[in-house]
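What follows is a single chain, given as structure tokens, in the form predicted alone.
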């Protein structure tokens, strides 16, 4: 089954099958000690750079910053949802999410 994944509105949205599903300005809890020195960064998303799927997991490469220490950057590919029978299922990004490192990570 084919699913369309795109970045819309100059990086403001992740679109799945032409529906806006994930937006910037969300606060995510990242389990990524390499991103900044904070134990569990509260990461505000400022721009979606890319979106892709690895199997059923939909991930986005995003730019943002930790609201505690101010460190800004790209933490890697962050899971934002899953595909189930061709439909997007949102994950709770207010809980802890773990960025996935891929071989093509370049900032």
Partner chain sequence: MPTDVERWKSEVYGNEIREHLLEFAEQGWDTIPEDERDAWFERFKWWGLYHQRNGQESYFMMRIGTPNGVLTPGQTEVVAEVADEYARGPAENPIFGNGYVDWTTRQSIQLHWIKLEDIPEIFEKLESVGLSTQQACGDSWRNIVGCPVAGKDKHEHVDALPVAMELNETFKGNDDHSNLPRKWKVSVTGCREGCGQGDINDLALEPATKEIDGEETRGFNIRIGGGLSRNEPRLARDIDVFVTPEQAAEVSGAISALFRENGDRDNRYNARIKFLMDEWGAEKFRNVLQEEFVDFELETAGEDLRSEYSYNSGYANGGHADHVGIHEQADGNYYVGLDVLVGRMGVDDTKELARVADEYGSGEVRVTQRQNVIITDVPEEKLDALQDEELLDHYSPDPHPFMRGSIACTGTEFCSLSIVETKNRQVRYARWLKENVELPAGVEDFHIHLSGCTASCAQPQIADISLRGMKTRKDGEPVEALDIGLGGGLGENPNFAEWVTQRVPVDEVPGAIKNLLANFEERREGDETFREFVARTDEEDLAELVEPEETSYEDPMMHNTKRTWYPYAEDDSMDASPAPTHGDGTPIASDD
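Residue numbers count along the first chain shown, from 1. What you see is a predicted model; the values in this text were computed from it and never measured.
We do not show the form predicted together with its partner chain, though everything after this point is about it.
Asks: Counting heavy atoms only and using a 4.5 Å cut-off, do 3, 56 and 74 all touch its partner chain in the predicted bound form?
Replies: Per the other structure, none of 3, 56 and 74 touch its partner chain.
Asks: With the partner left out of view, is residue 78 within 4.5 angstroms of its partner chain in the predicted bound form by any non-hydrogen atom?
Replies: Answer no; every heavy atom of residue 78 is more than 4.5 Å from its partner chain in the predicted bound form.
Asks: Can you tell me if residue 85 lies within 4.5 angstroms of its partner chain in the predicted bound form, counting non-hydrogen atoms only?
Replies: No, residue 85 sits far enough from its partner chain in the predicted bound form that none of its heavy atoms falls within 4.5 Å.
Asks: Could you confirm whether residue 12 comes within 4.5 Å of its partner chain in the predicted bound form, counting heavy atoms only?
Replies: Residue 12: yes, in contact with its partner chain in the predicted bound form.
Asks: Check residue 31 for me: does it contact its partner chain in the predicted bound form (non-hydrogen atoms, 4.5 angstroms)?
Replies: Close contact is absent here: in the predicted bound form, residue 31 is far from its partner chain, nothing within 4.5 Å, heavy atoms only.
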